[in-house]
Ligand SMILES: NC(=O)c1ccc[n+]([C@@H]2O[C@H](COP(=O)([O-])OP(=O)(O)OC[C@H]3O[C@@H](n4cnc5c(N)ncnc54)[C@H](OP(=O)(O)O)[C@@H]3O)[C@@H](O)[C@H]2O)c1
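Only one chain is shown below, in structure tokens, and it's the form predicted alone.
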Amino acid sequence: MFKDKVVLITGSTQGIGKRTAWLLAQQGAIIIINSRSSEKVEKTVAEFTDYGFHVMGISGDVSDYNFCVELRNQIILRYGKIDILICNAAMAVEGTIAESSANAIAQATRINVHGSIYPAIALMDDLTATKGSVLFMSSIAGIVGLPGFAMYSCTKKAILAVAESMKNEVVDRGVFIGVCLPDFTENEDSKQIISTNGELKTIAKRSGIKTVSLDRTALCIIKQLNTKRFLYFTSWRGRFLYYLNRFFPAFLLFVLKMNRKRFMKLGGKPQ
């Protein structure tokens, strides 16, 4: 299914992006590794190359549209096509909306929203040529606004809306549009988060909440690409929350209100 497919995964030097890239590379895909950090890109490319995988690294900020155009040009120049785009680059955001500075709000919007939309726009004509796929990464936090995760929920809910619109806008082009909504996923020691003042800081591994493994999340992404299902959840919890919000929104908001202190503790002081 993925042999010789050219796959760009943004934010793929760690976490979900890197694990998905690894599993796709094992299936013969040509992987484009991307991150803002050139050091991390070089390290990841070297790691993949040591295992004999076909990989190319391009460092840069996908929330900058001009870079996305250059990213597209480099891929087409080398491979002549792009088959799959996984818009994975994103940052978690701490704190309540009242605690969030204007800088934090701008950073979250730029990285999480612009960083997903711009690559899709820059590559859409090429994906049309290959009848390719665009997979947006939303989150369980994008289903409904979670207390303590205001800006993260906001940006991830926006991604869901973008995917819904784009799905119908490009249906005649033959491009698959999907959106994956991962549950809280285990994170690495180097994971960073946007603080309330807009600066990045490293957080510890999550505790106090049951997380989904990176392998399970990555396998769900690959299964979604295979089955071409528009919506995909990585856990029963995400699916349950989605349908609860769809059919019983008032009840869900009540449940969230009753559990607000727990969520606000997780969001305001990431564990």
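Heads up: residue numbers just count along the shown sequence, starting at 1. Please read all numbers here as calculations on a predicted model, not as lab measurements.
There is another form of the same protein, the form predicted together with this ligand; it is not shown, and what comes next is about it.
Of the candidates I75, I84, A90, C154, A90 is the one whose heavy atoms come within 4.5 Å of this ligand in the predicted bound form; the others do not. Three-residue candidate spot G145, N245 and K261; no residue lies within 4.5 angstroms of this ligand in the predicted bound form by any non-hydrogen atom.
The stretch among 23-31, 237-245, 61-69, 48-56 whose residues place heavy atoms within 4.5 Å of this ligand in the predicted bound form is 61-69. This ligand is not shown here, and in the predicted bound form it never comes within 4.5 Å of any heavy atom of T196. By the criterion of a heavy atom within 4.5 Å, I111 is counted among the residues contacting this ligand in the predicted bound form. Not displayed here, this ligand is approached by Q192 to within 4.5 Å at the level of heavy atoms in the predicted bound form.
In the predicted bound form, Y79 stays away from this ligand, with no heavy atom inside 4.5 Å. With contact defined as any non-hydrogen atom lying within 4.5 angstroms of this ligand in the predicted bound form, the contacting residues in 22-56 are N34, S35, R36, S37, K40, given in sequence order.
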